[in-house]
Ligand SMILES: Cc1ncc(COP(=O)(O)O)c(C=O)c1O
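There is one chain below, alone, in structure tokens, taken in the form predicted on its own.
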């Protein structure tokens, strides 16, 4: 991994300008003012996303027709694909759009497994259910073995050697999560890819970036994976859209498609053109943010995105330090004897701004409700279809999750810390 940028909060002038670009940054339309600290479940939405979606979605034709409206629809779709490639750092390869990360997971693993006789698929305990379950279902369907790499309970992350130890000459695909939506543990994708390639060069490496995408720069080409997948709504856009970039060798694998389509064409039917325009609005926003935070500002779109993501990471690191260690007389999360943090205790090394914790003697559902009454929105992860396998690996049945984004402020972190202090105060 590259060395992280220095921790640095946004300036007092920039922070409100950032928040102004998001819907409901300061309050919920039903309950009023609150601190939104449930960003792992989906980021707040940019105002420009709805404008772009409405403008393109309202056009009176589909792409591929000989009229001005149709040509504008086609232009928006192609611009959206180009902006996905720019965001991912993927100048070559196929851009796939789907309804969700889960849909991408099933399609990509199906392509990797199709036609194999024997062999295995490798996933991990840290994987989101979209990949964990897809690996299990498709392994059973195609007569393959599913191998599951253990997470590191101490760090809440995935060790590259633990993944590599399970691959061999019969491995069809390896799924690897870039960052956990429970513990915040971040995986060194380049290290995983290098170790897997050394042992199993034929294996397709598919990265789940749904959680990481809003927290740090993605370099899909540089990290050596065959596919990088993320959900648009996790990075400030609309639900119902996920994107992936595919390497040439994965794109060329047999896959569901209409007869007569190019071999590397993965589109199935007509997608909502507004979703592509909406993601272009996200990249426009990141370019604006990059221009505010880099001096001199890069001249190209990818350079501006990189500058924005470095600034986001630095801001969130400063917020994470405050959350874990406290500030201005407020004790941090780690200062409370009844609190157990699941995963890396460092506020930055090997993690992102997503934290899972338990409070001795307090059910997580009640804690989430009590935080909500105090104007702080959190979420709990319980042993269900989404999180059960990861929580079991951590040795718990439920956790509270607090997750930060770059539009969050020190004051919102302090609101969380005050609520925690009050809830843990002796009766």
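As the structure is a prediction and not an experimental result, all values here were calculated from the model. Residue numbers count along the first chain shown, from 1.
Below: the form predicted together with the named molecule, not depicted.
Item to complete: Please check if residue 101 has a heavy atom lying within 4.5 Å of any heavy atom of the named molecule in the predicted bound form.
Response: Result yes; residue 101 sits at the interface with the named molecule in the predicted bound form.
Worksheet item: Any chance residue 87 has a heavy atom within 4.5 Å of the named molecule in the predicted bound form?
Response: Residue 87: no, not in contact with the named molecule in the predicted bound form.
Discussion item. Within 4.5 Å, heavy atoms only: does residue 125 come near the named molecule in the predicted bound form?
Written reply: Because no heavy atom of residue 125 falls inside 4.5 Å of the named molecule in the predicted bound form, the answer is no.
Worksheet item: Can any non-hydrogen atom of residue 208 be found within 4.5 angstroms of the named molecule in the predicted bound form?
Response: Contact with the named molecule, yes.
Practice prompt. Spot the stretch among 334-342, 76-84, 125-133, 106-114 with residues whose non-hydrogen atoms come within 4.5 Å of the named molecule in the predicted bound form.
Written response: Answer to the contact question: 125-133.
Worksheet item: From the list 246, 277, 179, 356, which entry has a heavy atom within 4.5 Å of the named molecule in the predicted bound form?
Response: Contact check passes for 179.
Discussion item. Looking at 234, 186, 315, 322 here, can you tell me which has any non-hydrogen atom within 4.5 angstroms of the named molecule in the predicted bound form?
Written reply: Selected option: 234.
Worksheet entry | Members of 306-323 lying within 4.5 angstroms of the named molecule, judged by heavy atom, in the predicted bound form | Contacting residues: none.
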